[in-house]
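Let's start with one chain on its own, the form predicted alone, as structure tokens.
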Amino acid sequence: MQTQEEISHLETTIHDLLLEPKNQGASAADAGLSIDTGLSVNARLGDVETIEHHCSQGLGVTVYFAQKKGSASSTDLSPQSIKETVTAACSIARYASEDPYAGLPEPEMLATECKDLDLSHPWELAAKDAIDLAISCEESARQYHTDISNSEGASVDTYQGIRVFGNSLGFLHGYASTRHSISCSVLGERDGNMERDYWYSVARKHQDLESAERVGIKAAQRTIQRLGARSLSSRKSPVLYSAEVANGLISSFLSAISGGSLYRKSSFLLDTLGTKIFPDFIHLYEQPHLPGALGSASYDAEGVSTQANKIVTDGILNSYLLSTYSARKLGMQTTGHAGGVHNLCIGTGDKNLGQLLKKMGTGLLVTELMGQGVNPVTGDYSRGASGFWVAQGEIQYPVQEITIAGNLKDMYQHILAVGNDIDYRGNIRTGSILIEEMAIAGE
């Protein structure tokens, strides 16, 4: 599917589509089209549970009649359906209310050079081979320890797709991308206590995935470590977020400085541009053009060029995250963040997780969070957690059924260290994060 010829054909489809809104009286328009194919295999207890070959396609059109906006979508890419979709968007726009901030980006903000970011690496994986991988992954987990008593299964997924986006200002670009993953989740039981945990690997290239056996072993190791978990008495102590959950702390920060939260005044970081949010050693920056990375993109969801961006330097907030609409609402300029950030990185120190445990001394290592207890307006933070109690820099025992609480503004100010154990499996790249003190509610 992912040939340059097909991309060119779909670009022609979008180019021709964008002529139709003008014929119907629209002053401006943009359109996006996607075609995806993939294979998903799930195995449990040595047997295949599901095999799915999936194929989907979709089209979205937005039109403007001056400051009136209308949108419509379709999964049918036939010429007649495309014309009807444009007609539906135009009908909605004609009856919409005027919005002085609506419209396409300024032409000079659009990407003019779209680099090859090495995003497409198809995996010609037969269903039989995917089944073998999934069974091998789960088998490695089940054989790891006699306390592994059951399994929620293992899965292998491969995806490839094409995205094309264009607007009436002349922007038009398409590209192919891939994403592959292996995951496993197992249960362990000891003395009547049952726990589960999981692990997964994800990458653009299948060669960059952890082996199926390694994914299964990690899932089993994490499960065994949790057996015998107990609660804690309520207390205050340092908290170390492991890398795989630390990204949630950064995600809450990004949400608070996004344009939608700011112009709705639903952010605890209102009017903080140029102020100190973090300690001096914290630097947050974007690298949107990293070859092959999961968050790489030459432009945002509106076609605005993405740039290497220093969001936080020396703890000071340099930039909000703005789309064209939110920027206009705030009297500012888009930062190319319609759709979010691209490969957000945090500067790390020289300590790995074990060294951070030594630095913490006594406290809580959090490896899993539950619930959505973050108030975006006040920054109040309260989430269910599980992990390990640490004393004298060494893990003592697993803990569960506790709640950790604080206020994000205060938590950010009291970050003591960021580990170099970076988790690369998503769009936010961070190591473990050590916070000086939080409240723990337990027994």
Partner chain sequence: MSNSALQLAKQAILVPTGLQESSIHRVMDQLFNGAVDSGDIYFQSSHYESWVLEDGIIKEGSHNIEQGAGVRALSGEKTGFAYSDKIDLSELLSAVKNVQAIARQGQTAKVALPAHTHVPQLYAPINPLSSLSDQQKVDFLRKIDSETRKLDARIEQVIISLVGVQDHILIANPGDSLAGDVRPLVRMNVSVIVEDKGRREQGSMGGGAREDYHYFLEQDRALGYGQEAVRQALINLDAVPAPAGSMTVVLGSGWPGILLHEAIGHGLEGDFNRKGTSAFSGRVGERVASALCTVVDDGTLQGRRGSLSIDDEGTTTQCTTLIENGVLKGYMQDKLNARLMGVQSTGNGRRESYAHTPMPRMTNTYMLPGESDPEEILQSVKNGLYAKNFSGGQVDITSGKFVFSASEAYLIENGKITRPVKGATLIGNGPEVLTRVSMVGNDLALDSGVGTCGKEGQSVPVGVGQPTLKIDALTVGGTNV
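Numbering follows the first chain given and starts at 1. As the structure is a computational prediction, the values presented were derived from the model and not from experiment.
Another form, the form predicted together with its partner chain, is not on view; read the next lines as being about it.
Colleague: If the criterion is a non-hydrogen atom within 4.5 angstroms, does every one of Met194, Lys329 and Ile440 touch its partner chain in the predicted bound form?
Modeller: Yes, each of Met194, Lys329 and Ile440 comes within 4.5 Å of its partner chain in the predicted bound form.
Colleague: Can you tell me if Pro376 lies within 4.5 angstroms of its partner chain in the predicted bound form, counting non-hydrogen atoms only?
Modeller: Yes, Pro376 sits close enough to its partner chain in the predicted bound form that at least one of its heavy atoms falls within 4.5 Å.
Colleague: Heavy atom to heavy atom, is Pro398 within 4.5 Å of its partner chain in the predicted bound form?
Modeller: No, no contact at 4.5 Å.
Colleague: Is it the case that Ile402, even though its partner is missing from this view, gets within 4.5 Å of its partner chain in the predicted bound form, heavy atoms only?
Modeller: Looking in the predicted bound form, residue contacts with its partner chain include Ile402, since a heavy atom lies within 4.5 Å.
Colleague: Counting only non-hydrogen atoms and a 4.5 angstroms cut-off, does Met370 reach its partner chain in the predicted bound form?
Modeller: Met370: contacts its partner chain in the predicted bound form.
Colleague: Could you tell me which of 22-30, 39-47, 414-422, 390-398 sits within 4.5 Å of its partner chain in the predicted bound form, going by non-hydrogen atoms?
Modeller: The contacting stretch here is 39-47.
Colleague: Only one of Lys115, Lys83, Lys236, Arg190 has a non-hydrogen atom within 4.5 angstroms of its partner chain in the predicted bound form; which is it?
Modeller: Residue within 4.5 Å of the partner: Lys236.
Colleague: Just to confirm, with a 4.5 Å cut-off on non-hydrogen atoms, which of Gln333, Gln221, Ser73, Gln143 contacts its partner chain in the predicted bound form?
Modeller: Checking each option against its partner chain in the predicted bound form, the one that comes within 4.5 Å is Ser73.
Colleague: Does anything in 78-110 come within 4.5 Å of its partner chain in the predicted bound form by heavy atoms, and if so which residues, in order?
Modeller: Contacting residues: Ala88, Ser91, Ile92, Tyr95, Ala96, Ser97, Glu98, Asp99.
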